[in-house]
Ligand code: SAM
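Next up: a single chain in structure tokens, the form predicted on its own.
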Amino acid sequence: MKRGEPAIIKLSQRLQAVADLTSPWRRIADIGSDHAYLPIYLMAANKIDYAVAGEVIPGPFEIAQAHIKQAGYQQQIKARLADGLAAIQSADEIQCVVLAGMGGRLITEILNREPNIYQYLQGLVLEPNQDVPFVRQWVADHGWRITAERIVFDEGHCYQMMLVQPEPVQRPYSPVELLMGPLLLSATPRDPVFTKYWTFKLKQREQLIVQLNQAQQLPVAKLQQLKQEIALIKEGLAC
């Protein structure tokens, strides 16, 4: 680092994996940016030329503004108080949008609100903290394709993230691909984090079935759902 240049923020493992997926795009929008750590890191590392840090809550928005000012990036990173993709203006010429650290259903709701924005976007980096299969299904249903996937452990939690680009999938994703990720499943060699996570989830579901079978009134629908998920996880781990 040269004298006068801002220090590069050290990101969490989760955010670092998200940051890596934004390459090669130089103009990004981080929606739900919170403290604006991601765009500040990318700017300091010379990985982007311009960014929008969107926040819908005043408190985090003000913190993002303060961090951007402290880093000296007021001209290159625009913090905006807005709901979802409404933070993006046509003059921003955004190439890639990041939606990370929120529920999968919220991510798809945000994406559904502004369909016109997809005319010029080249990529979406999505990191849902739940309902990941729901997001993968949305991707396939809306003319996008998953082109990269990552899975990381960070502070006791496992996170799945994906880069998607505007290209329809050649065939529908199968149930096991929706659950576990088409590229994570087909990776050679397979990511050890992937195997560790899904082995844990398999044991967790098997133990839950044992507990539910001891209930006075069997939750039939829940048991059926768990059995289906167990079958898919076994299929994925075996393939």
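Numbers for residues come from their place in the sequence shown, where the first is 1. Bear in mind that the values here come from a model prediction, so they are computed numbers and not experimental data.
Separately, the form predicted together with this ligand exists; it is not shown, and the next lines address it.
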Is residue 34 near this ligand? Define near as a heavy atom within 4.5 Å, in the predicted complex.
yes
Might residue 84 be said to contact this ligand in the predicted complex, defining contact as any heavy atom within 4.5 Å?
yes
Please run the contact check for residue 45 against this ligand in the predicted complex: heavy atoms, 4.5 angstroms, yes or no?
no
Residue 110, heavy atom within 4.5 angstroms of this ligand in the predicted complex
yes
Of 183-191, 53-61, 205-213, 170-178, the segment with heavy atoms within 4.5 Å of this ligand in the predicted complex is residues 53-61
Looking in the predicted complex, is this ligand within 4.5 angstroms of a heavy atom from every one of 14, 101 and 106?
yes
